[in-house]
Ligand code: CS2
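Next up: just one chain, as structure tokens, the form predicted on its own.
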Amino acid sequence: MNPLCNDKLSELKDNGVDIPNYRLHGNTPKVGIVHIGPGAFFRGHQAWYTHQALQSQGGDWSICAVSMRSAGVSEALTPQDGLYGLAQLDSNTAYQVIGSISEVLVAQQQFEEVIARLAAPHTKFVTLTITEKGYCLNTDGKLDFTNKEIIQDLKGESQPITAVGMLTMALSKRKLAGLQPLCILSCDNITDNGKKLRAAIIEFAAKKDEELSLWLQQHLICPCTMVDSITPATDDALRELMSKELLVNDKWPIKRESFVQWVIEDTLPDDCPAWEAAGATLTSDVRGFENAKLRLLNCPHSTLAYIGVLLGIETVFDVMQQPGLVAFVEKMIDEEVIPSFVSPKELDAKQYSNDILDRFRNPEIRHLLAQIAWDGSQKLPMRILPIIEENLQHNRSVASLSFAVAAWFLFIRKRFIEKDELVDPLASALFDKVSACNDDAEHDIAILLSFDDVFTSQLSNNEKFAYYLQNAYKTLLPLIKNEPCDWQALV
């Protein structure tokens, strides 16, 4: 079978395939965006938004995708002229060819080419999906000057190996050339990601060139963003499916759910891709959207995960087939979660919540509850406990949310009893705690609340919270013994 490439686009269009019309007849827009970290999520998200913008509005906003070290994406997509197939998986599956990536470079091997792209006059934007670790931040969200790679980049004895170091070098070249800085958008799940990235670059620059740092303080734009869409890993089944649908060989197609969301702080320069026309939301309240995602997506997600695992259920789709659990989560959302925060003016919280629950029902997305349950000691203080603190402060109910916390504790106990692995950075300390449990609710909940790496003193000393935790614990306790649970008590 012939490989996917520019020369096949006209034929694909004649066969009814949704193709990038802006790439027909050898046309390719100039590179206007450099993206660092071209994994599956980027290709299903920011590259898709840019593709949609190019398709409808045009412009020179082609993407140069840069991998810091791995050559895998470049080896797959370079022979395909950067083209790849995207399958949107839902009750109805849609297929399209994405053409927004015009080249894929590997920084470790093609560093001078990458810097040239970043410093080019027609390059205006950088987007990043490099995971939290790639920003080299400490626990306070500041650049970690004890990080070995940051130390190496500051010495300047070799080419930069961090994204912060590489971007600072490119920005320095732009300053010397009389160009404006790049507009840089972090698209990773870090709260206030733009502010933290901007501060990291300026702090790094200050160690190298104080004048550069002052210039960046005046001119560098790093909008905060929030991103959302589930992008499962590519497998051979997807490759076979896309070959059948497109009648060409695609080495690295992508699949994702049909839902996709990109929220961008409305500080973009005037000359920018038509991302808003493609469905992105420009707002002054990115933090509000982050809060909505944490409370209306992540909180129910974790709640379903811990209770579902206790019930022996495997996936999110499977757990959504349990009417009692769904009714419980809907009640929790309506009575305890939505009242706990002020929704951004651009967002209907109830509709957003309904859309999220519909996403959970998607039979095409196999999302394991056990995986969602990982790292609970890190997730609960972000996803659930702030809602409880807010509700207690304003004398609102925490009864349902207490079930989520109790389920997490029992999930840990079940792992300990069955001598199973607990994926959590505090696994050892958590196992030490649950080893002292004796099934007495008052005793065991006191042990839970004594874990001060998770619970603030305000929560651990709150009698109302302890009371509801004890009730939830009593209700769910039979599940770690594989005994029936009174679901009516949940609803």
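Note that residue numbering follows the sequence shown and begins at 1. Because the structure is a prediction, the values reported are computed rather than measured.
Form predicted together with ligand CS2: not shown, discussed below.
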| message | Since only the chain is shown here, I'm wondering whether Asn189 would be in contact with ligand CS2 in the model of the complex (any heavy atom pair within 4.5 Å). | response | yes
| task | Determine whether any heavy atom of Lys293 comes within 4.5 Å of a heavy atom of ligand CS2 in the model of the complex, and answer yes or no. | result | yes
| query | Quick one: is Asp228 in contact with ligand CS2 in the model of the complex, heavy atoms, 4.5 Å cut-off? | reply | yes
| query | Any of the heavy atoms of Phe41 lying within 4.5 Å of ligand CS2 in the model of the complex? | reply | yes
| task | Could you spot which one of Gln88, Gln159, Asn147, Asn298 gets a heavy atom to within 4.5 Å of ligand CS2 in the model of the complex? | result | Asn298
| ligand CS2 isn't shown here, but in the model of the complex which of Lys195, His367, Arg117, Lys414 has a heavy atom within 4.5 Å of it? | His367
| Stretch in contact, per heavy atom within 4.5 angstroms of ligand CS2 in the model of the complex, of 91-99, 220-228, 67-75, 234-242 | 220-228
| Can you tell me which residues in 373-405 come within 4.5 angstroms of ligand CS2 in the model of the complex, by heavy atoms? | Lys379, Arg383
